[in-house]
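In the form predicted alone, a lone chain appears below as structure tokens.
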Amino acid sequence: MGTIGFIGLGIMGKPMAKNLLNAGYSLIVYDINKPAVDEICSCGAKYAVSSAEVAKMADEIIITMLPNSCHVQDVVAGKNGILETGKAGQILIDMSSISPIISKELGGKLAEIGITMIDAPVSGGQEKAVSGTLAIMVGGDKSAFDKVLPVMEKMGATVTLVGELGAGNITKLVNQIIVGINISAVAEGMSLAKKAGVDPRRVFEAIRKGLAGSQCMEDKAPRMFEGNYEPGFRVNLHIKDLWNVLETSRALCGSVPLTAQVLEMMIVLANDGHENLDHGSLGLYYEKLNNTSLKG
């Protein structure tokens, strides 16, 4: 594969880049956060001074892992962006969680200079980024997917092609809808139990193997009982994803009323200063609403 370009070394991108280095790939990296760049370069990567330089020095593959649509737009189409120096035949793997509308727009611009874009957002949070066991949801050309699959498999436990460009981010939005609503349902149910004087831990044990059971309940209910909201996936990032759900749904004349309600709950959490806590801190929202604690 030659040298892979990697742009975006945040809480997710940094461990993902390390996993590629550990797998023997050569990386040229860029981020506005110099300490993050220095850390990755200390592991064997080379650094670039801009996204344009990454595109110029990368061989076939460029990976982006950025916070939101506007950041990907800037890296691709802004000043010193990929469009300035990218080469025909390159494949851009955008692993950011962004609007599928923006993915398609940028994919069209890149196609004009011969670069194929695939969208490949991830699920699993920082812990699975570190362990290389992310779930990766991919939209794009099948032949491009086949070429880059071995690279993505070094970062994820599952890599699934779900459709054309944009389908990866649609899948991620569906994931975030289900996760957000599920966590809020767990918090709401456990708060009712506590308010009624029934031990939520015992309720959890009684229902976890039945139809109400879910991975969200397994992961988040114990956190709520312990008051442990150290971030796996931060509230502010889930807010960003749910805004993208609403934007996409409205563009399609769709309706997502439960998502809108969960978004409002998360905005309350953010306004209370909890934007950097785990999204399981929806438990705190219900504690405030019901004037009761889930701990104990």
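Since we're looking at a predicted model, the values are computed, not measured. Each residue number is its position in the shown sequence, starting from 1.
One more form of this protein should be noted, the form predicted in complex with a small molecule, which is absent from this view; the next part is about it.
A.B. asks: If we define contact as a non-hydrogen atom of the residue within 4.5 angstroms of the partner, is residue 32 a contact of the small molecule in the predicted bound form?
C.D. replies: Yes - in the predicted bound form, heavy atoms of residue 32 and the small molecule come within 4.5 Å of each other.
A.B. asks: Find out whether any non-hydrogen atom of residue 132 is located within 4.5 angstroms of the small molecule in the predicted bound form, and reply yes or no.
C.D. replies: Contact check for residue 132: no, nothing within 4.5 Å of the small molecule in the predicted bound form.
A.B. asks: Taking any heavy atom pair closer than or equal to 4.5 Å as contact, tell me whether residue 92 reaches the small molecule in the predicted bound form.
C.D. replies: Outside the cut-off, so no.
A.B. asks: With the partner left out of view, is residue 75 within 4.5 angstroms of the small molecule in the predicted bound form by any non-hydrogen atom?
C.D. replies: Heavy-atom contact with the small molecule at 4.5 Å: present for residue 75.
A.B. asks: Report the stretch among 252-260, 230-238, 267-275, 52-60 that approaches the small molecule in the predicted bound form to within 4.5 Å, counting heavy atoms only.
C.D. replies: The contacting stretch is 230-238.
A.B. asks: Can you pick the one in 40, 28, 242, 66 that has a heavy atom within 4.5 Å of the small molecule in the predicted bound form?
C.D. replies: In short, 66.
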